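Here's a solo chain for you in structure tokens, the form predicted alone.
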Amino acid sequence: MSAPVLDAPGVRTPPQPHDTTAVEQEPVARRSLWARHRAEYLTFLLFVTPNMALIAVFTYRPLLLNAQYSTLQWNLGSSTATVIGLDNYVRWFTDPRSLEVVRVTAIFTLTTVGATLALGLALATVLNRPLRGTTFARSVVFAPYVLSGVGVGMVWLFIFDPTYGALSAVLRLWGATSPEWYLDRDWALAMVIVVYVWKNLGYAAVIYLAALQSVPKDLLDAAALDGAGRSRTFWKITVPLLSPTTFFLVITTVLSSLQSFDLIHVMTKGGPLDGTTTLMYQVYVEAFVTGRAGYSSAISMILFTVLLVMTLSQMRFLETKVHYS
């Protein structure tokens, strides 16, 4: 039996039986909620279940199979495989070539993401002004993004040709000579970065342009009345209001840059001397050139882990700097 409760000095309230009203009403409320929204729940399951099944079959099942293959000593096309545990991972982390691949991947990703966002914002700011021909200019800027990476790479190969290319002709007019774009590691990486930024610049510019057009005009007018110049208004009002767009573009462009393959394959094939071999391209080389499918699966799992960690880190640290209102 429970002890009596003191309600006031000298007054004791007799112990009350346990109140089960709330506990008894909770299942009733749940049953009532299900009964009242049964049609909505069934409709939700009808539309979601097929999509979830397709995602499970075509996304998560290959991921799990790839994780299994990464523990095998297996060559592409071979009918036999040997379970070797984590040896493929140990081999990659102890291979001196891996450090060079990580260096190239880091340079390529940081440079392309930074240049794409900075140039995209600058281009969107220009296209946001009411000038003649702006609509046509927006179409021209966005067009490279929808072109095939293979086609873009083939065209730029002719432009960068040291002997017959358009770029070498322009340099000769200024009395300069064209660098050996295909033979020098640093120039080859710079060439691929330039083409990648050119192709994807329109995507960032269009997204930034839509965000610029949603900036409240009364805030800009108020800043002008307070005597703020264009530069101060841009950095103190426009840029903070664009932070959700910047946050979105950082995540999507980082993921896209780390998975870039077509331009590298068409223009340099990872060379010269692995000067343009990124993690993504190394996965392809190990699987379809050297035929080490198990080792390639381990590298792809490492790349997947890098993508996952970078995405979660960006959402954890960058989202705190975003202003949604």
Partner chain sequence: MSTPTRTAPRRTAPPVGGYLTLAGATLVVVLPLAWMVLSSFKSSGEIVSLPIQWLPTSLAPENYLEAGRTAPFGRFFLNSLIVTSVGASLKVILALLTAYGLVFIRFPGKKIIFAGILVALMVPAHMSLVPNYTLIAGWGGRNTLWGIVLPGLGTAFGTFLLRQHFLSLPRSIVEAAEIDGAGHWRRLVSIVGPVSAPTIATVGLISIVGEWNEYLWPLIIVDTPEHMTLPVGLTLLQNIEPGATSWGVLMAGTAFVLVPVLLVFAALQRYIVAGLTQGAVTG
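Each form is matched to the other, and the largest set of C-alpha atoms that superpose within 1.5 Å is called the rigid core. Numbering follows the first chain given and starts at 1. Keep in mind the model is a prediction, meaning the values are calculated, not measured.
Beyond what is shown, the protein has a form predicted together with the partner chain; the following relates to that form.
State yes or no: in the predicted complex, is some non-hydrogen atom of Thr277 no more than 4.5 angstroms from a non-hydrogen atom of the partner chain? Thr277 lies outside the contact set for the partner chain.
4.5 Å heavy atom contact, Ala143 to the partner chain in the predicted complex: Although the partner chain is absent here, Ala143 would touch it in the predicted complex, with heavy atoms inside 4.5 Å.
Counting only non-hydrogen atoms and a 4.5 angstroms cut-off, does Phe136 reach the partner chain in the predicted complex? The answer is yes: Phe136 has a heavy atom within 4.5 Å of the partner chain.
I'd like to know if Met154 sits close to the partner chain in the predicted complex, meaning any non-hydrogen atom pair within 4.5 angstroms. Output for Met154 is yes: heavy atoms within 4.5 Å of the partner chain.
Based on heavy atom distances of at most 4.5 Å to the partner chain in the predicted complex, which listed stretch, 234-242, 185-193, 205-213, 92-100, is the contact stretch? Comparing against the partner chain in the predicted complex, the contact stretch is 205-213.
May I ask you to choose, among Ala81, Leu110, Ala169, Ile251, the residue with a heavy atom within 4.5 Å of the partner chain in the predicted complex? Answer to the contact question: Ala169.
Heavy atom within 4.5 Å of the partner chain in the predicted complex: which residues of 47-84 meet that condition, in order? In sequence order, Phe47, Val48, Pro50, Asn51, Met52, Leu54, Ile55, Val57, Phe58, Thr59, Tyr60, Arg61, Pro62, Leu63, Leu65, Asn66, Tyr69, Trp74, Leu76 come within 4.5 Å of the partner.
Superposing on the rigid core, does the Cα of Phe288 end up 2 Å or more away between this form and the one not shown? It does not, since the Phe288 C-alpha is displaced less than 2 Å between this form and the one not shown after the core fit.
Could you check, with the core superposed, whether the Cα atom of Leu45 shifts 2 Å or more between this form and the one not shown? Superposed on the core, Leu45 moves its C-alpha 2 Å or more between this form and the one not shown.
Please say whether, between this form and the one not shown, the C-alpha of Leu65 moves by 2 Å or more once the core is aligned. The answer is no; the displacement is under 2 Å.
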